[in-house]
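Okay, here we've got a single chain as structure tokens, the form predicted alone, with questions on binding and movement later.
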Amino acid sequence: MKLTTKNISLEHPARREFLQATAVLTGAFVIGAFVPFAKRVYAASAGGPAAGIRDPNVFLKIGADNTVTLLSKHFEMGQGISTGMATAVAEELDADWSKMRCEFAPNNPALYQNLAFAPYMVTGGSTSMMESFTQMREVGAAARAMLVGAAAAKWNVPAAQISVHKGVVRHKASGRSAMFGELAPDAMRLPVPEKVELKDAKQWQLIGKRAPRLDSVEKTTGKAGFALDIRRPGMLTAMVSRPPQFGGTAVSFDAAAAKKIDGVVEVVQIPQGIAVLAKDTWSAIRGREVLKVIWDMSKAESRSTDAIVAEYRQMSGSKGLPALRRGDAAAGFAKAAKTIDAEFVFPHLAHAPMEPLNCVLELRADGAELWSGSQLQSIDTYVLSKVLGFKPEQIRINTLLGGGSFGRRGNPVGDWVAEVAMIAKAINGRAPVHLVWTREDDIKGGFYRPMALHRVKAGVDSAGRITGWQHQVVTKSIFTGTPFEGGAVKEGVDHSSVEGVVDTPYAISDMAVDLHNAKSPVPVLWWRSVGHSHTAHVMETVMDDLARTAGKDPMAFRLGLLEGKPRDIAVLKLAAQKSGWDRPLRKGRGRGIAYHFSFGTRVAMVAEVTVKDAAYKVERIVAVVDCGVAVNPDVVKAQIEGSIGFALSSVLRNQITLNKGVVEQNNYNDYEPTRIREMPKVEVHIIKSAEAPSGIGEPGVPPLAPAISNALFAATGKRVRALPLTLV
């Protein structure tokens, strides 16, 4: 039995503000500030998200077969959020876990908004469990109360005498019982309770326990549906030839050779390049290969990586924008007995998800329908409406599973969605269009974690206390020119460029942080853990250097800077205990610690490495995490393990380099992910907590590189600062 979804208008004042704030200029979406997204995330992390809709009719379908299907407002890209949200619902509903299912909700932000990003429907920032935990529990509790109410009315007994257990509603005194499916039609006509009583943590049967993921069976059997699996009648596959250098544009093209390829149907120009449409992917690829395009590169990026680094280095020597001023950093150095001066360079990085970018768009006279691994439904809806001239409510998005993202599918300018819309419009919507990016397309011409350069000068006094910290950060802003700019950029300072530094949990009384916003046509985007992916490495390796300069144990040094922060201290102490921090290691082996706070979550990692003949191997990682309530501990563990595997490739070798503006890497052969033979032994320990859940998809990335760097220093006595870490 399907529960009816109430109709709520998509029209919202903030939504109209959003629509009015954006313009399409030569194919690039320039989106003005319209909502303080970042501020809302940080506020939600601190005090909890705003209250949301808890009507079971909106979020649940209860079938005649007693299955309970959650309509998930969040995109599932492997992080396990569908299982986490369903767990919260099932706990309060007292459902049978084997009967729980999950589908993606339609693009209706009035109903399915992310409460941390209200009023928009988006998945990102490791906010999903944090913002939906209480809401989903309330949905489950409300549904339970309505089912009990229906049973009480049907049996003419007091509701207080009715119990629910694993999907069965019982009245013990009369011996009556009913399954959810029997009661749902009557139950969902009842008013939604104004207040619901949630279980005490001591009563939990599912939350905090191990349960099978809802998507595991379909993914392992191949039944799970991704955008690459979509086939529509008469569908054409599109491949786009894009400029070889960022910022280039097409002047003219010759499609004669392409049109001779069997299967190629049409060739059209869009602002991003030249699109080849064919009856199948292989024909589109072959047609694109023989296209002749003349490009205008007058405004394109033409520098090589070394030249960009040199410019960043020069910028770091000048005064930047003040990102933090606390105490008097300059005066603090007068008290220093010893100082260190360190430079760090971080390359551009690609996201390289397993499933390349792709989506299917079908135009009709009254609207458009998209099939996509959509991470930002509100933005994708807007982009489509703007390009196609439809109202937002005329756009239907079918969200499908995503084969990884790491930030790439959550692009606030909706780059590939804009492309498919422009292609469909160029052919007057006469056929559904399946836009496919190859992995080479994305690695050579996608969006990247921005290159960054840090310069740090720090000192300690004779007692080993930090006396001053001056920090220069040079990088390109991620948020400028996106819908997130209003909340993340203040007086020119992009918070994501300096996060993890300006909000460090360590007590540093005299600290100054300057930001330099670099300029380049190279498009940048958040990459798993955003700014923390480089700031943590800087903070934690400098902490190690200061500890050794002060003659203190690196673990003890950190603990001394975290007084009054029991949760932070507990994570570090457990990491020391589980890793055998004080246990000696044989020659050629080193152990290093790193600790970082991001997305509301505390993570400490201890790495052990072996070094031989200028080569090293990461042997062991001990991770301790405090993410509040671990809704699904096995999912939390998997996310930390996955973060380690993901980040390790950037420690060992991965980087995107430019040669006269052209990306040198192509695919997994020269932008190689971590191989199973390279994975260290990983031990994950979760701090038991009664605090509200915090992020888990990203916080496992930042501490890995500095833990390994510190372990290498312990083994060799030599400090390698730039990533990737190479000893030669």
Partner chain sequence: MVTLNVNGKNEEMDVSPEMPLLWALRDRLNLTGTKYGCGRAMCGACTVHVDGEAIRSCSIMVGTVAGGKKKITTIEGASGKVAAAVINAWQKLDVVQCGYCQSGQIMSAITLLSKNSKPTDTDIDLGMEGNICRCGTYVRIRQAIHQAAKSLA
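Just so you know, these numbers come straight off a predicted model, no measurement behind them. Numbering follows the first chain given and starts at 1.
Separately, the form predicted in complex with its partner chain exists; it is not shown, and the next lines address it.
This chain is displayed alone, yet in the predicted bound form one of S98, N428, S174, T221 has a heavy atom within 4.5 Å of its partner chain; that residue is T221. Listed residues V662, M679, I687, A64 were compared with its partner chain in the predicted bound form; M679 is the one with a heavy atom within 4.5 Å. Only one of 351-359, 480-488, 506-514, 201-209 places residue heavy atoms within 4.5 angstroms of its partner chain in the predicted bound form, namely 351-359. For the three residues G404, F646 and T674, a heavy atom within 4.5 Å of its partner chain turns up in the predicted bound form in every case.
Though the partner is left out of this view, Q639 does reach within 4.5 Å of its partner chain in the predicted bound form, counting heavy atoms only. I285 belongs to the set of residues with a heavy atom inside 4.5 Å of its partner chain in the predicted bound form. W437 belongs to the set of residues with a heavy atom inside 4.5 Å of its partner chain in the predicted bound form. Taking the partner from the other structure, its partner chain in the predicted bound form has no heavy atom within 4.5 Å of any heavy atom of K587. Although its partner chain is not shown here, in the predicted bound form the stretch 225-245 places heavy atoms of F226, L228, D229, R231 within 4.5 Å of it, in sequence order.
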